[in-house]
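A single chain, nothing else alongside it, follows as structure tokens in the form predicted alone.
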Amino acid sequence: MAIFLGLDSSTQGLKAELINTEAGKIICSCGVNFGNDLPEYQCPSGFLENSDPLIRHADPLVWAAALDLLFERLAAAGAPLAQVAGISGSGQQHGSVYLNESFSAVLAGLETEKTLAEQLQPTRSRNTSPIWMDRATSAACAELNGRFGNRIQLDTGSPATERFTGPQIRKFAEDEPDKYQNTAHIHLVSSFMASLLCGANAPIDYGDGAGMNLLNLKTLRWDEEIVEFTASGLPAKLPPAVPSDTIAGRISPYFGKYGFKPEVPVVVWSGDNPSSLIGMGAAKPGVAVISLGTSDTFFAAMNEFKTDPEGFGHVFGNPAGGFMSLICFTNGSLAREKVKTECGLSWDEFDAAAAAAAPGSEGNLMLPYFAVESTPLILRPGIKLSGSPEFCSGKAAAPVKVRVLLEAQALTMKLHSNWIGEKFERIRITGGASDCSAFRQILADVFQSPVERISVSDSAGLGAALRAANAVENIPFEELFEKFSATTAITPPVAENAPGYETALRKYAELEKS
């Protein structure tokens, strides 16, 4: 059997997808939830509590502890780890880990009788890791944008962005210069986890590296001028940037205690969004992906390298080659959960309520900024309503409230993806809210494109496993997509609803500008 392992280190947990490429089957799935399974790290929602809503850090040791626990569970479940022919992974994008000079030596000499977390504890030069939800870097972004102007977006794919790694590093170097000087290695979550598996410092792939404001996407090298301005001495602290099919190394002997054979290739990890692009079978232009998770993301492979004139959209590396666009909407599942709770509904009732209301919800609109928002950038949360007096006073019936929220989420995706300049032949959808049939219909109608589902919910973990198979055994992605990413259901658009949503889109854009 050709067995490959894909790991997904997401905001709230670590998951595994074990696949058999010959049979075209996922043979084992397993997961660890940071809050439920590792409460001692005090990251119940994937981050440490902080009174400042702009600060979102995690303890990086929780990711190491989760790796041990996940492999323990896989071994206990009888997963064929001894037959694994290759491993890769996906990491939540933009999170960064800061390590001192001892990190390399500790990795090289990992002791099997100790846990990863206890051995890595003294290697941190900074105890916490800012993650993608952190937005405490406005001053650093202003300095970067002020120094480089539009070039930082034109060359790195994004303007200096609060949650991106470059501004995070700059803030750390300015606020805690002694700790920064004591930092020998700065990893992304993806390269940190790959380093643990390899027992040596792993490189950063182009897909995840593009989410740092440091990688020049025209040269696919760290931009020397931007990197040095970000923080003095930073070039020496960054791993090399490499293609996404690079073999980062061989598995550390430490993991032999779980049943892995020596010399298993570890393919360089990528970010969760690039990995999901692969897992969803959307590596070529013409297919967009909507991932409905903690945040909602809209991404697609690109025909050509181009950037968003408004600066909200981003460009990352496509693990299959070339580039991908991505727009992040922070108020995803959080907003849906808020409205569901407010209306006193179960998720099944939430879906039924959305289906019960008419398309367009009688002209009512909502800006659903329950939390700080990425697209457009909103650092002060707040809800804005427009429409009938009953709706604006909060007295509308539950079906209207639910429908207006879901339509707002679909309309903002449509509005802020127009810069990509493509009519998508189809949209593939993943994540928890993809179970909501009413939401799938709303998305199909707003975009006037068929919305497809695939059978696997963890597209990032699957994408990592497919990337491992492609890199280690040269199995073409097209062949892998046919086996693992086939469509299971299609929601066609209703043409009669198109004019109404075109009008709603214009009104939504006006409301957003206000």
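For every residue, the number given is its place in the sequence shown, counted from 1. What you see is a predicted model; the values in this text were computed from it and never measured.
Heads up, the form predicted together with ligand XUL isn't pictured, but that's what we're talking about next.
Proximity to ligand XUL in the model of the complex holds for all of W132, S295 and L326, with the criterion being a heavy atom within 4.5 Å.
In summary, among the residues Y98, F350, F316, F439, the only one with a non-hydrogen atom within 4.5 Å of ligand XUL in the model of the complex is F316. With the partner omitted from this view, the residue of N331, Q92, S195, T230 that lies near ligand XUL in the model of the complex is Q92 [heavy atom within 4.5 Å]. With the partner left out here, ligand XUL still marks one of 68-76, 352-360, 116-124, 265-273 in the model of the complex; by a 4.5 Å heavy atom cut-off that stretch is 265-273. None of the heavy atoms of K414 is located within 4.5 Å of ligand XUL in the model of the complex. In the model of the complex, ligand XUL sits within 4.5 Å of a heavy atom of R163.
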